[in-house]
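In the block that follows, a single chain appears as structure tokens, in the form predicted alone.
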């Protein structure tokens, strides 16, 4: 059986639930680990069994983004960038210190395209499919989200971009079991095999690679060579 991971979960002090409460629910649902990835304005270091220390960086421009990546990369195992703005999307996928581009598509017709997909593949930046959008949105907004996901999935396949499925949970009520996540991914064309990889093999690779990066990281563009 694969081990499942949710790499995008919010907790105290940003949201209502503690990391330990979220961990208990995740364990009950069958996750091996979850990443606590509060937005950068609410970041606090977390540690513990089955909890991955992460962050979702919010920046208003590429210069601010680069500054925050340099600040937080040595301190976290998972680094997400809150995307959506085309300039932020581009800066994120061009930076090999970024693990995941989150929210690249919602509400932005030009949020993700073939140029960014190629950069993401070249720099090993994974693209997020945030299933909270499919659960929370209704009507036309949900239809647009599904359309965005289908488009991004086609680009990811074409350019061999890594993808992850996440909940973007802001409380334990927002969390979904892996099988439910896999079923939801089918709504925009992801195969069961692709969905399982996006919840298991891809997160494992990111976690292992980036724990090594923390050991070797000095600053953006500089690392220890052994």
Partner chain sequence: MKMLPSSLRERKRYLAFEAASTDEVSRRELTNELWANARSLLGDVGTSQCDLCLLDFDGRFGILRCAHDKTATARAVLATIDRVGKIRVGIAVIGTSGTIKSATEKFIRRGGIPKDAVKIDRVQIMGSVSGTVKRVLGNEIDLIPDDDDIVKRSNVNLVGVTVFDLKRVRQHANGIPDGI
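Residue numbers count along the first chain shown, from 1. None of the values given here were measured: they were computed from a predicted structure.
The next section is about a form of this same protein that is not shown, the form predicted together with its partner chain.
Q. Tell me which of 129-137, 147-155, 67-75, 82-90 has residues with heavy atoms within 4.5 angstroms of its partner chain in the predicted complex?
A. Contact-bearing stretch, as computed: 129-137.
Q | Heavy atom within 4.5 Å of its partner chain in the predicted complex - residue from 195, 184, 32, 58 | A | By the 4.5 Å criterion, the partner-contacting residue is 184.
Q: May I ask you to state whether residue 15 is within 4.5 Å of its partner chain in the predicted complex, using heavy atom distances?
A: Judged by the heavy-atom cut-off of 4.5 Å, residue 15 is in contact with its partner chain in the predicted complex.
Q: Decide whether residue 118 counts as a contact residue for its partner chain in the predicted complex under a heavy atom distance cut-off of 4.5 Å.
A: No.
Q.
Whether residue 27 contacts its partner chain in the predicted complex should be assessed with a 4.5 Å heavy atom distance threshold; does it?
A. Flag for residue 27 set to no.
**Q.** Distance check, residue 21 to its partner chain in the predicted complex, heavy atom within 4.5 Å
**A.** It does: once its partner chain is placed as it appears in the predicted complex, residue 21 has a heavy atom within 4.5 Å of it.
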